[in-house]
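Have a look below at one chain only, the form predicted on its own, in structure tokens format.
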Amino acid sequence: MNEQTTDSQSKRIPAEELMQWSSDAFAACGMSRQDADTGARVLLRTSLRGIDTHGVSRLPVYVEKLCNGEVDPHAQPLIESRHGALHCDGRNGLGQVVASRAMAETIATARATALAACTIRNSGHLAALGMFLLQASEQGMFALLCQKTPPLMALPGSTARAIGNNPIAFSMPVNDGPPMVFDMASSVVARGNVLQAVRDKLPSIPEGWAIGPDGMPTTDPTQALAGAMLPVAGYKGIGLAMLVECLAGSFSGTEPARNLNTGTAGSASDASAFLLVINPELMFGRAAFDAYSSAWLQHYLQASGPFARYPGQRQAACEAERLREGIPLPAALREELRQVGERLGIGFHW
């Protein structure tokens, strides 16, 4: 999904300059320069690929959590191997750093074995899962990642958030094109879309996105934020969310009581996840993998019409365009970043 900014007052900021400023912001919160660079790089690439609700727009929230101690700026993830699986304790670190480390270790393991799995716990919120999957597929591997969130989704009629909107994503290397990356929340849309609607002071959101605290459908962004997101395809979306609860929750060792923390649902802390990396070379060989993948993908594109694309192509094109032209930031977000810079003593000059 490509959620590009359309604000007519957006201003293009050069990617490298925004990357450096974002890294400086994280460093000013107490993070090491290496970790600050990692966190900033993930957020910047998210924005470069057009997923504006989960990129640089999340930085103010992350800074707040780092400054108030909800996320530990000094945390160093602990990754252990037990019984053929990796287990990453994020130690309450920034999710972009924790997941990047876990992915790198899982990829390294998959170089020697066909399948490598890793649980992640005690991590900050991961935001756009597809950014971590690119690490694997740009190195020729298939990857799957899902994250458990606190309850923030429910079926119509519910008067409380029943289950997380538990995003799930996968990526596949494509022999003659950018990696295929599919990344979705189990809700109709990611909650970040409602957060952005509130930030931009939009009068309404589309029907079918959310219910209010009374369990009734709403188009009021503020009521939606206080209520719950609706699942994609009704009970089928609930089923996907339950699958993620099994993989990312039950297997991760997360304490049951922590799942009920809905106060800052999905904002920056207390996430757990499940990661799987498959090395095609060690299955039936990369050549066989590429041959089959190319055949079904070509059939899909041909059958879908002259303008068909597979997931990941539009994001790759957006990334190339924004690397040239800069990342568009709407006026409201620029003001938020200016305030962050003022708080941290690093001027935001755009």
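Keep in mind the model is a prediction, meaning the values are calculated, not measured. If you superpose the two forms and keep the largest set of C-alpha atoms that fall within 1.5 Å, you have the rigid core. One-based numbering along the sequence shown.
Keep in mind that the form predicted together with another copy of the chain is missing from the display, and what follows is about it.
Going by heavy atom distances of 4.5 angstroms or less, which of A197, L225, V232, L134 would be at the interface with another copy of the chain in the predicted complex? Exactly one residue meets the criterion: V232.
If the cut-off is 4.5 angstroms on heavy atoms, which of these, G192, P73, P178, P280, is the one near another copy of the chain in the predicted complex? The option sitting close enough to the partner is P280.
Within 4.5 Å of another copy of the chain in the predicted complex, do W21, K65 and I205 each have at least one heavy atom? No, because W21, K65 and I205 lack any heavy atom that approaches another copy of the chain to within 4.5 Å in the predicted complex.
Does A317 reach another copy of the chain in the predicted complex, with heavy atoms at most 4.5 Å apart? Close contact is absent here: in the predicted complex, A317 is far from another copy of the chain, nothing within 4.5 Å, heavy atoms only.
G239 near another copy of the chain in the predicted complex, any heavy atom under 4.5 Å? Yes - in the predicted complex, heavy atoms of G239 and another copy of the chain come within 4.5 Å of each other.
Does L155 reach another copy of the chain in the predicted complex, with heavy atoms at most 4.5 Å apart? Judged by the heavy-atom cut-off of 4.5 Å, L155 is in contact with another copy of the chain in the predicted complex.
Does Q34 reach another copy of the chain in the predicted complex if we count a contact as any heavy atom within 4.5 Å? Close contact is absent here: in the predicted complex, Q34 is far from another copy of the chain, nothing within 4.5 Å, heavy atoms only.
Tell me which of 138 to 146, 122 to 130, 197 to 205, 100 to 108 has residues with heavy atoms within 4.5 angstroms of another copy of the chain in the predicted complex? Only one stretch qualifies here: 138 to 146.
Residues in 45 to 63 with any heavy atom within 4.5 Å of another copy of the chain in the predicted complex: Heavy-atom contacts to another copy of the chain in the predicted complex: nothing from 45 to 63.
Examine P213 after superposing the rigid core and state whether its CA is displaced by 2 Å or more between this form and the one not shown. The answer is yes; the displacement is at least 2 Å.
After fitting the rigid core, is the C-alpha of N193 off by 2 Å or more between this form and the one not shown? Where the cores coincide, N193 still shows a C-alpha shift between this form and the one not shown that is 2 Å or more.
Rigid core superposed: V244 CA moves 2 Å or more between this form and the one not shown: V244 C-alpha, core-superposed: shift of less than 2 Å.
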